[in-house]
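In the form predicted on its own, a lone chain appears below as structure tokens.
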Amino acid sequence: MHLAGGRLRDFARGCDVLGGGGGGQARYALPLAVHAVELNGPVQVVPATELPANGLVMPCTFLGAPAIGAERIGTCREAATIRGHVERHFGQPVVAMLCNEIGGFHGAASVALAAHAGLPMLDADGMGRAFPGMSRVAMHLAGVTPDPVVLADEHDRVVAVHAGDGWAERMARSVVVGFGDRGVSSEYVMTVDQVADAVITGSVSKALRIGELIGAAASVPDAARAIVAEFDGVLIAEGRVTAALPEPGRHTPATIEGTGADEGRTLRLEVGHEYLAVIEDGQVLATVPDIITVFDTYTGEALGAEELRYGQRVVAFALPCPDVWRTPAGLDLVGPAAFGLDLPYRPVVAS
């Protein structure tokens, strides 16, 4: 499978759904991916079984302030610079790039990074959705070390950080501040034979399939119904946003009042960097780490948490998270309590 042309738009749509309101919007990274593919050709998506066992898989993603990134979009050639440094450090070739975070901006941006680095993309990622924080990845749970964290900017400046799990992100972000608050990083580099137990497999294919379902649907609610039917999710409600005060990085509840068949229902949506929980009459309907998505029924876009506004007509649904996040260790890292919620985790189960 290759990513190019219309598939890029489908893929970006799927990434926005898997973002669960977090990770920024993939549609803003889509021009980067389209431009990179025009310059370098389509990006091949491969399973780990087609790669040499001792080859290196290089996760890669943007790091820094989103507001700065809107002005300094970078070149995505930073990935080629990082690839060269990683290969010199490990003395082995990099054979594939891994998308760190399939949800939102970083999913679509990974296509641009892979194209400029001249690498195929592994059909996998580190989260299966979007989370804030460098260590909230399956590689961390599998015991893969983040060292070295290799960072580059668009001027080919490269810094390698050897700080261990506890300090890697803090030191990496300090370096990126020196870059002007925008850079590209790679961490948790591993060999192909480590990948099976350390990543979320099939993420790229899943995002692409979700995008195809959206494109084929006759309406936005139909798209939501098709997605939950194929991926064992739950349709929560159609309604109208009647209260929303999004503040980036802070928990702020929003309210959705049901319309149509859901008339009379009132849902409280806990909003942080992403959608954290949906509660109705004191009952938890869905919560992190499962993926809560809110579609704008007029535009058809999956709304980022910071895009939620009073008066929007929406349809909300939830998809199950990857199994690794439902383990005790996974819930310690990304469960409700990890995001400051005093709520039980109730797994999304298809009815």
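Sequential numbering from 1, following the sequence displayed. Just so it is clear, the structure is predicted and the values come from calculations on it, not from any experiment.
This next part talks about the form predicted together with a further copy of the same chain, which is not shown.
a further copy of the same chain: the contacting residue among Met190, Ile73, Val158, Ala80 in the predicted complex [heavy atom, 4.5 Å]: Contact with a further copy of the same chain in the predicted complex is made by Val158 alone.
4.5 angstroms heavy atom contact with a further copy of the same chain in the predicted complex for Ser219: So Ser219 does not count as contacting a further copy of the same chain.
Heavy atom of Val175 within 4.5 Å of a further copy of the same chain in the predicted complex: Val175: contacts a further copy of the same chain in the predicted complex.
Partner contact for Arg250 in the predicted complex: a further copy of the same chain, 4.5 angstroms, heavy atom: Taking the distances in the predicted complex, the answer for Arg250 is no, it never comes within 4.5 Å of a further copy of the same chain.
4.5 Å heavy atom contact, Ile279 and a further copy of the same chain in the predicted complex: Although a further copy of the same chain is absent here, Ile279 would stay clear of it in the predicted complex, with no heavy atoms inside 4.5 Å.
Among 266-274, 166-174, 191-199, 211-219, the region lying within 4.5 Å of a further copy of the same chain in the predicted complex by heavy atom distance: Of the options, only 166-174 has residues within 4.5 Å of the partner.
Residues of stretch 72-96 in contact with a further copy of the same chain in the predicted complex (4.5 Å, non-hydrogen atom): Result: His85 alone.
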